[in-house]
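Form predicted alone, single chain, as C-alpha cells, below.
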Amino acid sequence: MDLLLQLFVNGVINGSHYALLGIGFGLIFATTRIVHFAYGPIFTFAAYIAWWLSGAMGLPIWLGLLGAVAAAVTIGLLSYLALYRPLELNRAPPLVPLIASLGLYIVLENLTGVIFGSGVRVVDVDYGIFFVGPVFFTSIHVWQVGSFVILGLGLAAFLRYSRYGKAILAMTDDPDMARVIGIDTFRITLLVFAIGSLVSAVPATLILVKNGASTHMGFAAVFMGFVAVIVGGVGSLRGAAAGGFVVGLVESLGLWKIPTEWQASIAFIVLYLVIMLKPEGLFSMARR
C-alpha cells in the first residue's frame, strides 16, 4: 500500500507536467488547427536558455526562467510568422503545415545542438526533500504541481474574463465565424502562439532543474502534450489538462505491476486505447 501511495503521488507530479504540456500544445492546436510539432524543440531551447543563464552565467534560477520564457515566446512567434503564416496566405492544404512543422522541428533541434552542444546540461539548485508518512517528494515536485495550478487557473481566468480570452474561445469554436464577426484572427493567433510557447518554458525549466537538459528532450515533450490533447479531447483545454493527469497516473501506477523498462510504452497504450474506444477523447464533453 505504501508503494501504491508513492506511485500515486508520482503520478500527480508527472501528470502536472504533462497537463502543462497539453495546455500549451492544445491551445495552439485548438485555436489555429496547426499541429505545431516544433513545440518540442522550442521547449528544449527554453531549457537550454535557462541553463545558460542560471548554469553557465551563474544567475538565479528565476532569471533563467524569465530568459526561457522570453526565448520560447520569441521563437514561437517567429515560427508562425516565418513559416505558418505564409502557408495560410497561400491557402496551403492542411498536410503542408504539418510537414513544415516536422521540418522546423528538425531544424530547431539541430540548431540547439549547434549553439549549446549535444551534451546533457544541468543546473545545481538546492532543493528540499519532504516526507509525509511513507511518501516523499522534493521542492521541485512541489514547483511542478504549483506551476500547473498557477498557470492553469491564470489561463482559465484569462480565457473566461478578458476580451482577448473570449476572442480565443470564439476562434476555437469556429475560426471562420470568428473572422466574420470582426475578430482579428491574425492578432489572436499571434497571442495564442505566445501564450502556448510561454507555458512550455515553465515545465522546460523545471525539467532542467530536475533531470537536466538534452537536445532530444523535445520529442517527449511534444509527444506527451499531443497525447494529453487526444486523450482529453481536442478543443477542450480542461480536457487536455485532465488527459495529462490520466496519462501521468496510468504511467506511474502501471509500475505497480509492470517492469520499469516498459514505462515508456504506457503512454502509447493509453493513446491507442482512447483512439480505438473513444476517439473524441475521454473528456470531450468538458468545455474549456
Partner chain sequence: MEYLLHVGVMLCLYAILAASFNLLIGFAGLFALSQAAFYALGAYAAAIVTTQLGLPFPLPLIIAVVFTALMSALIALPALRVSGHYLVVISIAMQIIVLQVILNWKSLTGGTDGISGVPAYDLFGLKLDTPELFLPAAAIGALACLWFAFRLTRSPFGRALRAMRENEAAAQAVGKNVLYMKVTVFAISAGMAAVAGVLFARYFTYVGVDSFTIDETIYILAMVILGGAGNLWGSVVGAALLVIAPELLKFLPLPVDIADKMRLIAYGVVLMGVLLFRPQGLMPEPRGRKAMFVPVDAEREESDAETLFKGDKGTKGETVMEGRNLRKQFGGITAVDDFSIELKRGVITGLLGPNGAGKTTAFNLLTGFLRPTSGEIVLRGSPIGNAKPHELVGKGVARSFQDLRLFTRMTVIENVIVALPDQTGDRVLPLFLRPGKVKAEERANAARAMEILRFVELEAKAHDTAEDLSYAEEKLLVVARLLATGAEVLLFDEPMSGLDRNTLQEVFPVIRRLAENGKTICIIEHNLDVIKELCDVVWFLDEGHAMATGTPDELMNDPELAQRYFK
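In this text the structure is predicted, and so the values were computed from the model without any measurement. Residue numbers count along the first chain shown, from 1.
A second form of this protein, the form predicted in complex with the partner chain, is not displayed here; the remarks below concern that form.
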- Query: Judged by heavy atoms and a 4.5 Å cut-off, are 74, 156 and 210 together in contact with the partner chain in the predicted bound form?
  - Reply: no
- Within a 4.5 Å heavy atom cut-off, is residue 230 in contact with the partner chain in the predicted bound form? yes
- Message: Contact with the partner chain in the predicted bound form for residue 103, defined as at least one heavy atom pair within 4.5 Å: yes or no?
- Response: yes
- Message: in the predicted bound form, is there a heavy atom of the partner chain that lies within 4.5 Å of any heavy atom of residue 63, even though the partner is absent here?
- Response: no
- Partner contact for residue 175 in the predicted bound form: the partner chain, 4.5 angstroms, heavy atom: no
- Picking from 170, 142, 111, 122, the single residue whose non-hydrogen atoms come within 4.5 angstroms of the partner chain in the predicted bound form is 111
- Item | Selected contact from 35, 59, 250, 258, since only one has a non-hydrogen atom within 4.5 angstroms of the partner chain in the predicted bound form | 35
- Note on the structure: With a 4.5 Å heavy atom cut-off to the partner chain in the predicted bound form, the contacting stretch among 218-226, 44-52, 64-72, 236-244 is 218-226
- Contacts from 236-258 to the partner chain in the predicted bound form (any heavy atom within 4.5 Å), listed N to C, are none
